[in-house]
Structures are given as structure tokens and as C-alpha cells.
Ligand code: HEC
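For reference, the chain that follows is the form predicted alone, supplied as C-alpha cells.
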């Protein structure tokens, strides 16, 4: 579906409109607005460029209309709130937001707004990021490209100058469980949108080389990552072990532990048929 979301100027001037605007603010200024949940240096908009409105830049266009959906990484049908929390706990290396919180519902209201008119389950042009040809990056070549092309914004040490330019590795960067920790996904983002002053100037191979260099560095852990893809079938470049999959080029150094592991987990929806309350109702012990 060739879809263009309504502009911000058409957000209604009522209570729902206020929620939509708050959600937009949370997406663009995440670390400032939600420091207890976005504890690193990345905003939602660091990956979802233009607050998710730009096509192919991890676009969020129509995303609300595609949930609930089955996610093979989770092995379950999940609501859009869980998908938002995967970003908070993995890409932002932060903590899970309560699904029933005002902040979560504001974010969902914004996602619903940039999905207006998209039928349930429909895919749109420009969602996600383009798939790259399967290549192998060379971190040695990538380090040279990084030094001449990327370090001007992200620094030679990769720590950036947040909030404008986030850290690409280290304790304040994205976790090992983030999509950007996969070489192909990082290469797609780099090739199409980096550097910001000259996007598309790197070849596919150069983008892979930079991705290999960035992803070779130590970053926050993602607790429970070994349970991803519970039915198998993990993408080839996932950098940690899962069922039937051996880690692809994992960082050589030990990952940074997360301060509060339980709050970094997003449990898959559980059946009420197996809950204690349900069993009591059936007279079972």
C-alpha cells in the first residue's frame, strides 16, 4: 500500500490530540522524557528517523494496524505495546514500560495516528528497512571508513555526542539483542542513511565493513536472549546463541551486565487457562 500518514498539523486539538503530541515527544526526546526507561544515549527516533515517518528508515508507517501479530523471535502473538517494549529493552538497552501507563498509551496513540486509514494487517511501502544482499563485512576496513566518515559525529571512541549522535558501542549504546547488533540490519541502515550529510555514498560492501566494525565492540547484554526464536530459525547474523543457531561473530569482550535484569524482559502473553485463578475455578489444585 502506498501510504502517507496525516501531517502533524492535522492532529486534533482535544484530549486525544494531546496524547498523540505527547507520544510524538516521547519518541523524539526519549532519554530526556523517560530517563528511568531509556537509560542509554539513544532516542526512539535515533533509528526511526523523522519519528518513524521516513520510508525505509525503520519506518513506523502503518505499524499500529499490523498488531497484534505473531513474532517468530518471541514465538507468540504480541500486542503493539510489547513491540514498543522490545525497542525499549533491546534497542535502547533500557527498561520495560508498563503497558497500562499513560506514557505507553501516548506512544501507542502516536503510532495509531501515523497509521490512520491503513486496514488491519496491511503492509505499506517503506515500513522497516530494505533488505541487503548477503555480504561479509571486514572490521579492519570498517575501522578506516569509520575514522574518516563516521567519527566526525560519533567520535573516534564511538560514544557520540548525545542526544543528537548516540553511542554506537559501550554501556550507553544498543544491546546485543537489538536489530542493529545484526550485521545485515546495521549495514542496511548505514548504507541508506549514513552519513547524514551524504546518505547513500557508501557501497554495500563498505556499509557491511562499517557494520562489522561497530558490531564487533562490546555493548549491553540482553537478558533472556538465549530464549529468542524458541522454534528455531534465527537469522544467520544473530550474534548470540539461540535454539539451533550458533552466534555469528559475537563481540570478543564480555557484555556489559544490565543493572535490573527483570525489568529488561518482555514476557510473552501467558494463557489464563493455566493460571492459578483459572485452575481454582475448575476445582483443580
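Remember, predicted model here, so these are calculated numbers, not experimental data. Numbering follows the first chain given and starts at 1.
Beyond what is shown, the protein has a form predicted together with the ligand; the following relates to that form.
Checked against the ligand in the model of the complex, the residues 109, 167, 132, 176 give one hit for a heavy atom within 4.5 Å, which is 167. Contact annotation: of the candidates 245, 29, 69, 55, the single residue with a non-hydrogen atom within 4.5 angstroms of the ligand in the model of the complex is 69. Per the 4.5 Å heavy atom criterion, the ligand in the model of the complex is contacted by stretch 44-52, the sole one of 44-52, 237-245, 251-259, 224-232. Within this chain, residue 195 lines the site of the ligand in the model of the complex, having a heavy atom no more than 4.5 Å away. Remark: residue 88 counts among the residues lining the ligand in the model of the complex, judged by a heavy atom distance of 4.5 Å or less.
When contacts are judged by a 4.5 Å heavy atom cut-off, residue 149 counts as touching the ligand in the model of the complex. Put simply, residue 202 is close to the ligand in the model of the complex: some heavy atom of it is within 4.5 Å.
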